[in-house]
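Only one chain is included here, represented as structure tokens and corresponding to the form predicted alone.
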């Protein structure tokens, strides 16, 4: 079983699953949840050539997050 990592640590060409947030009760976690970062949702890096912000694909959309923001999201490799 793979362990959880922060979204900021994911690698290209791999798919991950959202596991939750580092602080479930934060206002920012609520905003991320509303953007589609729901437990069990697949997420992967978008094929773009920038490193900060990172661009991820989730639920058919591309979302750019600063690395500091992405560290709030916990994911597991599928």
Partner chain sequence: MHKIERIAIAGVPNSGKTTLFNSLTGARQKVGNWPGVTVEKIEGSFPLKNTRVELVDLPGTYNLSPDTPDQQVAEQVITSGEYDLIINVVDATNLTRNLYLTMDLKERTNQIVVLLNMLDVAEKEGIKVDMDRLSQDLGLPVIPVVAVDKGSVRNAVEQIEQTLDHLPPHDSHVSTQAVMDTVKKYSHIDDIYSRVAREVKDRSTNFTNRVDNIVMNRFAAIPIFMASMFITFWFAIGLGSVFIDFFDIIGGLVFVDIPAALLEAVGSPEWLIVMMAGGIGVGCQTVATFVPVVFFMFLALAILEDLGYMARVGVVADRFMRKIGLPGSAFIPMVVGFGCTVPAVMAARTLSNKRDRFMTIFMAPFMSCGARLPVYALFCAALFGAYSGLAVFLIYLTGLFMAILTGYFLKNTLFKGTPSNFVLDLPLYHVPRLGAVIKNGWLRLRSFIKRAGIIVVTAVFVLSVLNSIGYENGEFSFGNEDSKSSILAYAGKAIGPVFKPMGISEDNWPASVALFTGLFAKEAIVGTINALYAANDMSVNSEAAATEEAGGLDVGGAITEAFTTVGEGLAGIISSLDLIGIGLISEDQSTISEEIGADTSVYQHIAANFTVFSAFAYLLFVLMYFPCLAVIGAARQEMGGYYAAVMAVYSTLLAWSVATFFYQVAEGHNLFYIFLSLAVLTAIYGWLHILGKKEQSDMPVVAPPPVIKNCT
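In this text the structure is predicted, and so the values were computed from the model without any measurement. Numbering follows the first chain given and starts at 1.
One more form of this protein, predicted together with its partner chain, exists but is not displayed; see below.
**Q** At 4.5 Å between heavy atoms, is residue 11 in contact with its partner chain in the predicted complex?
**A** Judged by the heavy-atom cut-off of 4.5 Å, residue 11 is well away from its partner chain in the predicted complex.
**Q** With a 4.5 Å heavy atom cut-off, would you call residue 19 a contact of its partner chain in the predicted complex?
**A** No, residue 19 stays farther than 4.5 Å from its partner chain in the predicted complex.
**Q** In the predicted complex, does residue 43 have a heavy atom within 4.5 Å of its partner chain?
**A** Flag for residue 43 set to no.
**Q** Just checking whether residue 15 would be counted as a contact of its partner chain in the predicted complex - the rule being heavy atoms within 4.5 angstroms.
**A** Contact with its partner chain, no.
**Q** Using the arrangement in the predicted complex, list in sequence order the residues of 41 to 75 with any heavy atom within 4.5 angstroms of its partner chain.
**A** The stretch touches the partner through 47, 48, 49, 50, 51, 52, 53, 55, 57, 59, 60, 61, 62, 63, 64, 65, 66, 69.
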